[in-house]
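This document starts with one chain, in the form predicted alone, laid out as structure tokens.
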Amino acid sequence: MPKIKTKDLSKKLKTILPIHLLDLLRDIGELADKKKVAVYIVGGFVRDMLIGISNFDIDLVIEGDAIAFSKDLKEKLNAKLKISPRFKTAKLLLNNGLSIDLAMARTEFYAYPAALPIVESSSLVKDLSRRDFTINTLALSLNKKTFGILIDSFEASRDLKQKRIKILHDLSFMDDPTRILRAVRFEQRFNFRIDKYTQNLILAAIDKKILKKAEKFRMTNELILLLNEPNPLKVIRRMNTFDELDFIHPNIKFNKSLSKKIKAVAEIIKCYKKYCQDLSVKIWMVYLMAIIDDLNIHDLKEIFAVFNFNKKDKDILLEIKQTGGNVLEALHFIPVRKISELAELLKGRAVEECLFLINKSKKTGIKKMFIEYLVKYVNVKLDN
């Protein structure tokens, strides 16, 4: 058993959390006392709080029946509830926009490398021991008598201070290969470093082609999270040092050209957000378009075999390959200031396509025209 360290953070919670969130956590603890279960907030919320980052993603671990507790909490908070019986987890959607993920304290067994886990009930410490990295093993008690007590079973506080990404056990990457992407993502997001031992385990797992065995939905989710990072270029560059981006496709080469494309995408997305704040865009997809720009349709279909993109996203990515060149050529011949012609050309295309194509075009003044197009047409109605 690991040595458990505790620290009272109840006063810290009062000073850094919004009052509505603090009240919510107290309400959860109050219900847990009533139902005679122990409840803890775990993971990213606690990690980010300790390094001074706001993170209101609430992940709860229940020492007891998490499904039953989620139903009781649903009634108390008047929330919507979604249950996943297989993994004994639940998700609450609150009226104020917050969400709460609940899980039974559990252990996980993997029948073979990269398999989905078999779940069994367990204690908090055993639950934390199955997680990916030490920095994600911190827990805060929410029950009244121990409210705000930090539980550190794996020297996570020390690794946070030393800015270190450290794996919990030797087979972690074999159990879940997507943790390789997660290690790189956390390292670059927080400006931490993957410790040498963990790095060696990553290299050993990649050498065994373990990413090829990962579940499609897990790979897809991690790729999207990676490309949604504030600075995807840093993550892509670092991932390239491990497997040369083979995890996406072996024909992708990280070089100055690709780096330039990714930087350009960041600029066009910044521009889009400035003028179209109320419209959503799949940022990850625009970056992916840049990354796969030099691939052909056959390569793209091989990517579809690895990642579980939905049909609409696949259609958009295919359309870029099939007709993107024609649109780029047409963009070149649109007269300057003819915003209506630009609107007609882009009509019916996904906003992600528009961003990528405008960004790729070498026509002088096209980005300025695009800004006017966003203001005049897109903010009125996005026709896709």
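Numbers for residues come from their place in the sequence shown, where the first is 1. These numbers were taken from a predicted model, which means no experiment stands behind them.
A second form of this protein, the form predicted together with ligand ATP, is not displayed here; the remarks below concern that form.
Asker: Taking ligand ATP as it sits in the predicted bound form, is D176 near enough to touch it, meaning that at least one heavy atom pair lies within 4.5 angstroms?
Answerer: Within the cut-off, so yes.
Asker: Consider S153 of the chain shown here, and say whether it contacts ligand ATP in the predicted bound form, taking contact as heavy atoms within 4.5 Å.
Answerer: Residue-level check for S153: no, no contact with ligand ATP.
Asker: Answer yes if any heavy atom of E187 is within 4.5 Å of a heavy atom of ligand ATP in the predicted bound form; otherwise answer no.
Answerer: Contact with ligand ATP, no.
Asker: Is S340 part of the interface with ligand ATP in the predicted bound form - any heavy atom within 4.5 Å?
Answerer: Answer no; every heavy atom of S340 is more than 4.5 Å from ligand ATP in the predicted bound form.
Asker: Using a 4.5 Å heavy atom cut-off, which residue among K234, K282, K166, R218 comes into contact with ligand ATP in the predicted bound form?
Answerer: Only one option qualifies, and that one is R218.
Asker: What is the one choice in N240, Q199, T89, N136 with a heavy atom within 4.5 Å of ligand ATP in the predicted bound form?
Answerer: It is N136 that has a heavy atom within 4.5 Å of the partner.
Asker: Specify the contacting stretch among 255-263, 241-249, 68-76, 176-184, defined as having any heavy atom within 4.5 Å of ligand ATP in the predicted bound form.
Answerer: It is the stretch 176-184.
Asker: Enumerate the residues of 27-44 that have a non-hydrogen atom within 4.5 Å of ligand ATP in the predicted bound form, in sequence order, or give none.
Answerer: The stretch 27-44, when checked against ligand ATP in the predicted bound form, contributes G43, G44 at the 4.5 Å heavy-atom cut-off.
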